[in-house]
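In the block that follows, a single chain appears as structure tokens, in the form predicted on its own.
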Amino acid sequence: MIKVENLSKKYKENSKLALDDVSFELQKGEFAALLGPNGAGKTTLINVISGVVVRDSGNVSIAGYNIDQNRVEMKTAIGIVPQEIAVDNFFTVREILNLQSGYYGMRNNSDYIAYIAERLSLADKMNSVVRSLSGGMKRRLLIAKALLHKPKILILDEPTAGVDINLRHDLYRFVKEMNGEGMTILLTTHYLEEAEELCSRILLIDEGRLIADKPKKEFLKMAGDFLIVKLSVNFDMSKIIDSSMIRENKGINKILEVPKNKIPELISSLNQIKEKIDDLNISSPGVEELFVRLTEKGGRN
């Protein structure tokens, strides 16, 4: 559904590449997360895919349509929820959604407009002028606009940035349903727990290069065969365990990275100070842990 081949983009002649030879494919029905630190190239990649930014080299096709030769078909196949909130403040919500339907040549779309508005909790705001809406409601409106023409592909660029937890839950419950019905979804987010919960595939971009592209389970295996141990204890852990396993040892809250074959050794050591331990948590590394490992400069490999 999305095919990107050797995509490169530079904004200024002497600047670094914003995108550096990026290639990947998303199949019908995939729900993928595009992750990366600020300035990594995520928004540039989305803008190129959606036809907003012109690439320097490479090829892109959307639902089988070349973005240069089939722009109308490509734009009909894709829905974009941008990171920035940009909506005409002087129209009502109903007028905005009717106009959006008209842009795609969709007449008599009132039933689907009502359905989308209901699902995104906009039904009681249909006659409200956009400038009177809260930031969260404006975000819901952007999502509704992206869905009105029933796209095959939905791209969500930081859709829950700065919004309340209710919108987050409503949105992701809805998009999971749409994904279950066959919609292909590409999500960028800084809430890494969302990527871990929702997506079956992780793409990680850093400094314009795609440094990881794997199914989520395989991506998590890249972290290595270790466990993360978090404990609250007023004790210098370096006195009883190998310092190579200690990530944070200052204050009361400690973080350890323990190879699985050394767990028995750790348990034996913790037994020596069990009366001092206030809290203990053991977990496998998740998307956030691996994100930090793969993108931090000069850090662990």
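Position 1 is the first residue in the sequence shown; the rest follow in order. All values reported here derive from a predicted model rather than from experimental measurement.
The same protein also exists as the form predicted together with a small molecule; that form is not shown, yet it is the one meant from here on.
Using heavy atoms only and a 4.5 Å cut-off, determine which of P37, G29, P259, G51 is in contact with the small molecule in the model of the complex.
The residue from P37, G29, P259, G51 that makes the contact is P37.
Within a 4.5 Å heavy atom cut-off, is K42 in contact with the small molecule in the model of the complex?
K42 belongs to the contact set for the small molecule.
How about A18: is it within 4.5 Å of the small molecule in the model of the complex, going by heavy atoms?
Judged by the heavy-atom cut-off of 4.5 Å, A18 is in contact with the small molecule in the model of the complex.
Going by heavy atoms within 4.5 Å, which of 264-272, 42-50, 240-248, 55-63 lines up against the small molecule in the model of the complex?
Among the candidates, contact is made by 42-50.
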